[in-house]
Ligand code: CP
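The chain below stands alone and is given in structure tokens; this is the form predicted alone.
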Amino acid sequence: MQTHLRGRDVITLQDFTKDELDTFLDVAFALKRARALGEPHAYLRDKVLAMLFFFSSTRTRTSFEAGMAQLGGHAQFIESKTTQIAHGDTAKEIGEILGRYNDGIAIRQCDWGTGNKYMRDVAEASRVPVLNMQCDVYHPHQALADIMTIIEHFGDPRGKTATVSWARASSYSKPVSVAQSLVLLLPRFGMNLRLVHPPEFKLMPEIVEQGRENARKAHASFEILDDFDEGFKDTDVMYAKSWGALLTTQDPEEDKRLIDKYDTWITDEKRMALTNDDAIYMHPLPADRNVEVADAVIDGPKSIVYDQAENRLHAQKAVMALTMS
């Protein structure tokens, strides 16, 4: 266990060693156990987390707020459009000022090409840790909760196969950040990774190369497929969700046309039958039901989506307790 995480920014899990990631998970499991037993764990008494949202949220907002309360602190909800951020507050000013008022700053900014830069500019100016609640490139707390959930179900995940696949959604063009964080993180735990997507829905090349290198170092495999059905065969984890064709087009109409072109990319019972007998279905939610995934799958026996959602709470509490104490 590592004990030197106080004050660290958590913008991408790539910034942390495997030992440090294991520390986050050790503490997350301990905090989950403490909550189940009703044991108090107010490690952040009188601490305040500023939560700055440029994008709407359900699980992220509520899990961070609940986590701070359970740790004995307080979370401020700050919405960009109803504050002076919409009228000129710069990233430097936000970092300087919120960093003086608070003990941590959490940010959700997913605008393509600007979200991650904004977060890093705030972090550069802040004297307290900056936590990434999702940007255009990474979603580290989702990925940490996901590997926590996989470990709960399989124990040591080394040697297991995880398929991270694109799936069609009709609601809106979603960020690539969930898929990219999974591509980076899962191989570090020795999982064989399959990345599946149509040609137009590529991830950032530098992220894919880092994922390949992570797999090489962990003696795991890494392959890219463009056949949806092949991704299901003999896999242990099926993680299929939508993301936009952001590296192909910036035109919303063209993006929608490309999404609709692959209207058969839905996770249904027939496809889940191709997975291993003890395979699990994962999704960060919200899902486009009966477009992205069939009700029979997301509500079925292989689905662990609510375990994932719960583990957001415990994983984030671990990060906050270790970086903000």
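Nothing here was measured: the structure is a model prediction, and the numbers come from that model. One rule holds for the numbers: they count along the sequence shown, beginning at 1.
This protein has a second form, the form predicted in complex with the named molecule, left out of what is shown; the following refers to that one.
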Just one of 281-289, 32-40, 295-303, 256-264 has heavy atoms within 4.5 Å of the named molecule in the predicted bound form; which? 281-289
Taking the named molecule as it sits in the predicted bound form, is Arg108 in contact with it (heavy atom to heavy atom, 4.5 Å or less)? yes
Is the gap between Lys317 and the named molecule in the predicted bound form 4.5 Å or less for some heavy atom pair? no
Spell out, yes or no, whether the shortest heavy atom distance between Thr60 and the named molecule in the predicted bound form is within 4.5 Å. yes
Can you tell me whether Gln142 touches the named molecule? I mean in the predicted bound form, with a 4.5 angstroms heavy atom cut-off. yes
